[in-house]
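A lone chain, given as structure tokens: the form predicted on its own.
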């Protein structure tokens, strides 16, 4: 990786784009950026050395120490020169309608990010970047498979640029946008560090890698009598467990949710501080996750599917852990005029005859439809509720396999705008058919009254 700004679907490789940044215009990244980009050739050299250890040992044994040091100094100088030249040709420019990024030392690449297509603009500050006073600006655009980024900018410059881009995307006059400043925010909730630690301890994923390790490592040791083989099995399990426990705690530490005119702001991280924003009106689905050991304590994890963002990234998390009352209060900011408690209380379980299709897990399934939400429940040990506003439903389908037809059961699938699907399983076939028609009507009426999906238009 060169460390250059990632260019998504909007990138135009090669040639000269129609709207190139004029010569001498545009802004450069922070002067410390070349040192980050110098790591690309160093990483390539390290990979070659690892793959050719024996040849490297023979070569170094036949060369004098002075020549080795001189070769290393020349390579470091070339890496530094590459980083400097790559930084020098990289520029970005903000216009009334788009953010233009030009980069590429040997092959020119240019990205044009339309401001009205930007889904999120987040600020990330890794530990070393915090010490050096710089930050990374990440932007997700509709239709792009990867996030575009500007790494690195000064902390104040990154904050001001984010505020300017949001102001322009909201339709503020171009002459006023650079001075709009960051919108004020009101802190709504901060996750208690002790509660966060206990939630990770009580989560099954934290221990999922230790159980197979405890069973597998003795088998490897007894069958091979080889310590290296046992370590090769143990180390990946330790790394996976670290990521699920201590790594998650460091990432989620200090999780704070604040409300501002541009949406709900999420700040978190002990070593690396990240700042993300959930845009108003672009939440397509809410997921309430309740692991088995959390339920006696009344804890819940809140996840969001947001239009234009990639699944699995950290922007989909609204709360890592909270009580049901706290989660319902915050969801009232995301889904106004929605009674979460009433929606969950209205869930109808799967009919009794569903036990012939799924004897053990059928009690975990359920469905409800309120005036504002489609609700689907699944999971007996790890209970998950999916709530999709009717206005966000893109399509609704009914599926029925041979065994389901025999038992007069059916599944109802609801597709929403974040390329996801909420499925209500094991419904009565007649009820499911009626729900498909009713859901199509509810979705049509919901879209008529839905607010526009614009920045700075939230409540």
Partner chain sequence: MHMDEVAAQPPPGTSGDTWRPVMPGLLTMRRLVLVSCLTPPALLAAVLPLLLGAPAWSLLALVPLTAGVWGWWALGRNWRSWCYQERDDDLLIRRGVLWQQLTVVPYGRMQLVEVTSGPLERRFGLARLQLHTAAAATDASVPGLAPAEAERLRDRLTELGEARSAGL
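Numbering follows the first chain given and starts at 1. All of these numbers come straight from a predicted model, not from anything done at the bench.
One more form of this protein should be noted, the form predicted in complex with the partner chain, which is absent from this view; the next part is about it.
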| item | value |
| --- | --- |
| Complete contact of 284, 397 and 421 with the partner chain in the model of the complex (any heavy atom, 4.5 Å) | yes |
| Close approach of residue 405 to the partner chain in the model of the complex, 4.5 Å, heavy atom | yes |
| Contact label in the model of the complex: residue 30 to the partner chain, heavy atom within 4.5 Å | no |
| Residue 26 within 4.5 Å of the partner chain in the model of the complex, heavy atoms | no |
| Exercise: residue 416 in contact with the partner chain in the model of the complex, heavy atom 4.5 Å | yes |
| Residue stretch of 186 to 194, 384 to 392, 93 to 101, 293 to 301 approaching the partner chain in the model of the complex, non-hydrogen atom distance within 4.5 Å | 384 to 392 |
